[in-house]
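The chain below stands alone, shown as structure tokens; this is the form predicted on its own.
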């Protein structure tokens, strides 16, 4: 019996386990998924939790519920991977051997890595929304907050779901308007980027939308210190951004397991071949989702498209065939813009978001790089697809490769 071990039972790891269990002979291959706790969190919902659109119960399910028959879920903290011995050592001393290892350990936020961020004011006037604890605390704060200067700050890139900070601002604009206090709230976006987003055309469109909604954009701002007592961000260039309420997107790193195993770069992301998803350093290790160092978005859609490619490449690797260089960096993201509307963007390594219709050329029903009510309902409807289709490894009617049909260049 040969062993396939997957590190991480999040979005990427769960999809891969289900897809591979369907195609690997059960008499020849075991599939084991390793994670440290039992709860699977629907991460796209964390953005909506502070605004009362979801509650905690909507976002948490048991990991075991989504793994099919013939998959072993081990809930045990891992200590390190020994790539030479092809084993994963658990913290209790047990070791799991593998013939193929898939790293899907995601990212971790590190607010403690920014001076002062976890000091005075943390979870009182400064919050994140990338954790269940942070998003829930921020929900309670927003319910009682009567106005002032709200600053959304990205400390540095990369981050999970690069559009999420923008979505937060758009939703905040609508939330405060519905409460009747929008004129008492100043919204500020402080970003290390030179614009609203990483891709020029989308950055221009999203920057215009920020301006329309009265959000002040502070670009090329690199946070060095958070002064929780004085209520201000201090940049490396000594610029200051004052706040009454700070919504931070902290520094992101790869898993500490990757760090302990010496498999990552300086930020603990695993160097990965950008088209095949094989580890740069080890032929029998593959990587997907947020754990990679690839120059594409750390988002669930990317993990989905990668999973389609990686399933084929695992079969090719096992069969001794050349890997298919088929992952093109495809990313697909709904961006909530408030008041029941959203934007959809679709792009890859080489092609930036373009206007058009998706997924059917000329028909849609979704519009690209343009606000619509249909896009908003697509965003909300994705939760059902996530729980019932995506995690279970079912095929979805969207090609893993980005297509130009329906786009207007």
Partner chain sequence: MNAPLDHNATVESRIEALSDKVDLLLDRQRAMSELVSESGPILTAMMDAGTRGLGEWEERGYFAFGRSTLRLLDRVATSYSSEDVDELGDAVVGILDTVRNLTQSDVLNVANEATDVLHRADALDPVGVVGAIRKSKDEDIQRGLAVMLEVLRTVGKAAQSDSGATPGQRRLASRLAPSGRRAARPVTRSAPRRRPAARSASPAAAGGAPKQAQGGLARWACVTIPGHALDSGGFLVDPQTWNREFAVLMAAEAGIGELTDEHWQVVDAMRAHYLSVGASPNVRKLANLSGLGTKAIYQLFKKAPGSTAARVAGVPKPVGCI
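Just so it is clear, the structure is predicted and the values come from calculations on it, not from any experiment. Positions refer to the first chain, counted from 1.
One more form of this protein exists, namely the form predicted in complex with the partner chain; it is left out here, but the text below deals with it.
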- Query: Is there a non-hydrogen atom of residue 345 within 4.5 angstroms of a non-hydrogen atom of the partner chain in the predicted complex?
  - Reply: yes
- Query: Even though the partner chain is not shown here, does residue 397 get within 4.5 Å of it in the predicted complex, heavy atoms only?
  - Reply: yes
- Query: Does at least one non-hydrogen atom of residue 295 fall within 4.5 angstroms of the partner chain in the predicted complex?
  - Reply: yes
- Query: Using 4.5 Å between non-hydrogen atoms, is residue 86 touching the partner chain in the predicted complex?
  - Reply: no
- Query: Which pick from 121, 329, 162, 116 sits with a heavy atom within 4.5 Å of the partner chain in the predicted complex?
  - Reply: 162
- Among 208, 94, 99, 82, which has at least one heavy atom within 4.5 Å of the partner chain in the predicted complex? 208
- With a 4.5 Å heavy atom cut-off to the partner chain in the predicted complex, the contacting stretch among 216-224, 316-324, 176-184, 72-80 is 216-224
- Task: Tell me whether 10, 24 and 68, taken together, all sit within 4.5 Å of the partner chain in the predicted complex, counting heavy atoms only.
- Result: no
- So which bits of 234-255 sit within 4.5 Å of the partner chain in the predicted complex, heavy atoms only? 236, 237, 238, 251, 252, 253
